[in-house]
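So this one's two forms of a single chain, laid out as C-alpha cells and tagged structure 1 and structure 2.
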Structure 1
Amino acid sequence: MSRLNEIIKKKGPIRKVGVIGMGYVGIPSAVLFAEKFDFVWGFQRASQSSGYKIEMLNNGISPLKGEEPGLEDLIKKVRSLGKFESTSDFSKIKDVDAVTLAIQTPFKDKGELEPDFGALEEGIRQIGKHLNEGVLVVLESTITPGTTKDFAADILKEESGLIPGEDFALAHAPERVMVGRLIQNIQEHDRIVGGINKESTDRAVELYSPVLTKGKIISMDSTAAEVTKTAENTFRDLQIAAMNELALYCEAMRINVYDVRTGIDSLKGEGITRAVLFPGAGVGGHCLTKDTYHLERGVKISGSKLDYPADSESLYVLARKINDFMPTHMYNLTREALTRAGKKFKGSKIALLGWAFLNNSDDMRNTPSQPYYDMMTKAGAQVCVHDPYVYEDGNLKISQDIEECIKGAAAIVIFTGHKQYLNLKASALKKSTGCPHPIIIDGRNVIDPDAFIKEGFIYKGIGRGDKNNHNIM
C-alpha cells in the first residue's frame, strides 16, 4: 500500500468539503456537496466586487440573478440544515477532507498565449498555506494542459511542504455546466476526473460520485482531463464558427441559412454524426472565448514538436476569429440598414436588446454586446441598452424599461435571445420608435422577418440573405 493510501485509509471517508470561488460553478457545486456530505465551507474573498455573496448565501439567497431552477431552494435547504456556510476565512481549509477550486482563468494576451493565472495562483496558495496530510485538492477551473501536475503541484508543495501524490491527493475535475441549468448539468453530465496518480483519482471519484444522478465518472490522467475540457469547448466554438461562416456565405448568396441548416440536419443514419449548431451575433461567456488558447498553449509548452502543415494557422484559432468577428458583422448590418433609411450613425438612437451573453441569464462575461456597443458609440450613435436580468456593467447603466429604451430609436438590435424578446410585436415597436421605417437587426433569429417587413421595418438578420435586401413597404 502506498503512503498516500495509508494516510487516506487512516483519515477515513470524506466528510467535510471546501469550495473556493462562489460563482456560477462554485455555488451549485458547494450546495450539492452539502446535500451529500456532513458540511461544506464556501470560500469567497471579501472583496469590494464580490464579497456581498457571503452574506447573501448565508441568508439563503442566490447571488445569481438569472433563471437557475432549483438552486435557491437548495441553498435554503442546506443552510437550514446547518450543512453549508460561506466565509472569507481561508484558514478553515485546515478542517476539510477535500477542497475544490473554481476560479476564472482568462488570458492577458491571446496572441502570445499568456494566461492570467493570478486569481488561480492566489487560490492555490491559500490552499497550500492550510493544507494537511491526506486532503484531496481538485482544480475545477479550465486550465492549460499540464497545469495540475506542474504549476499547481509546485505551488502546493512550496506552501505546504507536503509532496503531491504522496502526502495529499491532487486532481483535475473540470466543470461542464451551462448557465441556466447549473444544478441539472452537475448531476446529469458525465464527470471527467483526472488525478496526478491513481490514489488521487480514486479519492476524487469518491468526492464526485455521490452528487451524480444520471452522469457517470470517466477517469483518466490529469493532463488528459485538462485537454478534454479545453478541447470540448474548442470543438463547440469550432462548430459555432462553421455555422457563422455558413451564415455569412448565405447572406452573400441571398439565401436563408436556416433552410440550409434544416437540409444538412435532415441526413440521418449509421455513421453520420453532426452537431449542426446555430449562427448568431457572437460568442460570449468565460469558457468558449478563451479555452482554445489554453489548448494551444498546452501544445506550445509541452516541449514536443508539433507535426502540422507549414505556415498554416490553427483551425481552432481561425474559428475564434470568426466568432469574434460577428459583433462587427452586426455593426455592418446596422450601417447598411441606416444607409437604406437615409440615416447616419451620428445622432441616431440605437436600442440594444440583451447585454448578457446567454438567454435568460445575468451572465455578461465577455458579452459580444460590448464590442458592438463600443463600435456604435465610437461612430457617434446614442445606444440605450436593455436587459431584464442585468442592471449595470461597471459604469454602464442598463435599462429594464424596454419601451423607454425603444422610444425614438432608429434601430432595434437584438443580441440575446431572452424570452422577453420572443414575442416582440412589430406594430407596437414601430409606434414606440416614431419612425416610418424603423430598423430591426436580429442577431438571434427570434422574430418573424415578414411580420416586421410588412409593418414597414427595415430588416436585417444573421444568415437571412433571403430577407436582408427586401423591398421597403
Structure 2
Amino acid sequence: MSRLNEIIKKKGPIRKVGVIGMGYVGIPSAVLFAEKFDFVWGFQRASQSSGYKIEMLNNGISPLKGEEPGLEDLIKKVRSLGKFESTSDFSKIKDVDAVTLAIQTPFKDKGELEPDFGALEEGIRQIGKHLNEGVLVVLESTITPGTTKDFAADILKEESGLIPGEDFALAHAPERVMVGRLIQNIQEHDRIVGGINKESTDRAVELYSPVLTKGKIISMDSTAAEVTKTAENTFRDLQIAAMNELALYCEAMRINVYDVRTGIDSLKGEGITRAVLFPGAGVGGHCLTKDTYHLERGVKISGSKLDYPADSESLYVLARKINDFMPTHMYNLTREALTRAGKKFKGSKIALLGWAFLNNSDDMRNTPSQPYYDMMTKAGAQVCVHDPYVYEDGNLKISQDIEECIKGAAAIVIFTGHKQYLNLKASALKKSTGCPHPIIIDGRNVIDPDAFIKEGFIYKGIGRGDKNNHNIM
C-alpha cells in the first residue's frame, strides 16, 4: 500500500471540508458538502469587494445576485444545523480533511496567453501554509492544463514541505455551473475528477460522489480533467464560429443562412451529428472568451513538441478571431446601410439595443456590444445604449427607455436577443425615429425582415444575404 493510502487509511473517511472562494461556484459547493459531511468552513478573504459575504452567509443570506433555486434555503438549513460557517481565518484549514478552491482565473493579456493567476496563487499559498498530512486539495477553477500537477503542486510543496501525491492528495474537479441553476448543475451534471495520481483521484471521488444526484463521476488524471474543461468550452466557441463563418459566406452568396441551417440540421440518424448553433453579433461571457486561450497555453507550456500543419494557426484561436470579428461585421453592416441612406457616422444617432452578452440576463462580462460601441463612437456616431436588465457599465449610462433611445435614431442595432426585442413593431419604430428610411441591423435574428422593409426600413441582418441588398420601399 502506498504511503498516501496508509496515511488516508489512518485518517479515515472525509468529515470536515474547507471551500475557498465564496463566489457563485464556492457557495453552492460549500453548502452541498455541508449537507453530506460533518462540517464545512467557507473561506473568504476579508477584502473590500467581497468581505461582506462572510457576514451575509453566517446570517443565512445568499450574497449572490439573481434567482438561485434552493440555494438560500440550503444556506439557512446548514447554518441552523451548525454544519457550515464562513470565515476569513484561513488557519482553520488545518482542521479539514479536504479543501477545494474556486477562484476566478481571468486573462491579463490574451495575446500573450498570460493568465492572471494572482488570486489563485494566493489561495493555494494559504492552503499550503496550513496543510496537514493526508488532506485532499482540489482545484475547481478553470485553469491552464498542467496547472494542478505543476504550478499548484510546487506552491503547496514549497509552503508545506509536504510531497504532493505522497503526503497529501491533489486533484482537479472543474466546475460546470451556470448562473441561475447552480445547485442543480452541481448535483446533475457529470463531474470530471482528475487526481495527480490514483490515490488522489480516489480520495476526490469520495468527496464528490455524495453531492451528485443524477450526475455521474468521470475520473481521469488531473491534466486530462483540465483539458476536458477548457476544451468543452473551446468546442462550443468553435461551433459558434463555424456558424458565424457560414453566415458571412451566405451574405456574400446572397442566401439565407437560416435556410441552410435548417437544411444541415435535418440530417439526422444513427451516429450522425451536426452541432449547428446560431450565428450572431458576437460571443461574450467569461467562459468562451478565455478557455480557448487556457487550452492553447496548456499545449504551449507542456514542454513537448506539437506536430501540427506548418505555418497554420490554431483552428481554435482562428475560431476566437471569427467570433471577435462579428462586432466589426455589425459595424460594416451599419456603415453600408448609412451609406445607402445617404448618411455618415458623424451626426448620426444610433440606438444600440442590448448590452448584456446573454439573452434575458444582466451579465455583461466581455459583451460584444462594447467593441461595436467603441468603433461607432470613434467614427463619430452618437450611440444611445438600451438594455432592460443592465443599468450602467462603468461610466456608460444605459437607458431603460427604448422610446428615448430610438427617438431621432438613424439606425437601430440589435446586439442581444432579449425577449423585449422579439416583437418590435416596424410602424411604431419608424414613427419614433422620424426618418423616412430608418435603418435596422439585426444581430440576433429576432425581427422579420419583410415587415421592416415594407415600412421603408433599410434592413441588414447577419447571414441574411437574401435580404441585405433589398430595394428601398
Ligand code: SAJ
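Each residue is numbered by where it sits in the sequence of structure 1, with counting from 1. Predicted model, so just to flag it, every value in this text is computed and none were measured.
Undergrad: Of these two, which one is the form predicted on its own?
TA: Answer 1, the form predicted on its own.
Undergrad: Verify that residue 281 and residue 204 are, or are not, members of the same rigid part between structure 1 and structure 2.
TA: Different rigid parts: residue 281 and residue 204 travel as separate units between structure 1 and structure 2.
Undergrad: How far, in degrees, does the smaller rigid part turn against the larger one between structure 1 and structure 2?
TA: Rotation of the smaller rigid body relative to the larger: 13 degrees.
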